[in-house]
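Next comes just one chain, in structure tokens: the form predicted on its own.
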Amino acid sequence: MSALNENRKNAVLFTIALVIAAIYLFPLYWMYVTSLKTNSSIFAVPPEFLPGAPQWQTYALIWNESDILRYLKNSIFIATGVTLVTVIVGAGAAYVLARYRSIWIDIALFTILMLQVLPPSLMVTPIFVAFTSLGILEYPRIGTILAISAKTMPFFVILCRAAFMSIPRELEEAALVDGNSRAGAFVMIVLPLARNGILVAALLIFMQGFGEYVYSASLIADNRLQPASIGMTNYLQPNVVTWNAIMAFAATYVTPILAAFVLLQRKIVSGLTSGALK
């Protein structure tokens, strides 16, 4: 009887998980479906859940007219810069927070957590004023990278701190006894052991940088340097909105990151839970 109840419980939980997954994935499904519809079928009543005659030429249209390749290159440039800055600076900060415990470390950790909840729309105005005064906006993509890095840094530090805490201190102490410095033990011992957690956190930071909108829209005025998140809004015209083209642009923009997430989901989950036992 207990086995039967356990099977029923698992079936119920599995059904609930499928329902929740369907709710979260439906916007993605609707994006792809809408990109293949005609403008008239998009607003059909009742709605069409499958396109009658898929309009594949919409994808060719956006490749020819929107210069999406340039936008994607800008997105990759910004996301890569954000990832490098965040990893280089954040790894050291996460290590210190993981290894040294004091009231000041706890205050720093609390401050980092509070910085994570600040929305970009609140921070963009003081950042714009400060970067203008410093002349950083003469290189708008660099300014955008620094602004996004400041936003993503708390998230990266919290994830990597858990990975560093899962590494025994005895390994570092043995390296110090063998003559390594603290920095040498960090580079030679700790970083290789924490690489899974760091790589997963870096991938999540790359995704955030790739899809960021607020800082890019506020700090980059030159259309040639804008990322794909801004380029997609060029289809939003005052009188006519070609929703199928917008959805095709969005599908092209989202699919590479979605594919990477699906392929690396196991590593992402293992990296996120690497410090759970600590």
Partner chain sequence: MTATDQKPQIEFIDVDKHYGSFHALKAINLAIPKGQFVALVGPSGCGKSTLLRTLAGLEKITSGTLNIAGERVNDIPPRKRDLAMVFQSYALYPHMNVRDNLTYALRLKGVSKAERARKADEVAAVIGLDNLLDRKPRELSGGQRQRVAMGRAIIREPKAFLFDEPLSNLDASLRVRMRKEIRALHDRIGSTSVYVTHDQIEAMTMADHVVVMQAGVIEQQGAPLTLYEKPVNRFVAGFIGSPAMNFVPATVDDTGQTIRLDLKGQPTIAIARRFPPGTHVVAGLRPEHVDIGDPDAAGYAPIKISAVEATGSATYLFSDDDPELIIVAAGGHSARAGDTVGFKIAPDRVHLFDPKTGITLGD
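Since the structure is predicted, the reported quantities are computational estimates derived from the model, not experimental observations. Numbering follows the first chain given and starts at 1.
Beyond the structure shown, there is the form predicted together with its partner chain, which is absent from this document and is the topic of what follows.
S.K.: A175, A202, A79, I158: which sits within 4.5 Å of its partner chain in the predicted bound form by any heavy atom?
M.R.: Result of the distance check: A175.
S.K.: Considering only heavy atoms, tell me if N196 and its partner chain come within 4.5 Å of each other in the predicted bound form.
M.R.: Although its partner chain is absent here, N196 would stay clear of it in the predicted bound form, with no heavy atoms inside 4.5 Å.
S.K.: Should L171 be counted as a contact of its partner chain in the predicted bound form, where contact means heavy atoms within 4.5 Å?
M.R.: Contact with its partner chain, yes.
S.K.: Does its partner chain come within 4.5 Å of any heavy atom of M188 in the predicted bound form?
M.R.: Contact check for M188: yes, within 4.5 Å of its partner chain in the predicted bound form.
S.K.: Any of the heavy atoms of G135 lying within 4.5 Å of its partner chain in the predicted bound form?
M.R.: G135 lies outside the contact set for its partner chain.
S.K.: So which bits of 15-43 sit within 4.5 Å of its partner chain in the predicted bound form, heavy atoms only?
M.R.: None of them.
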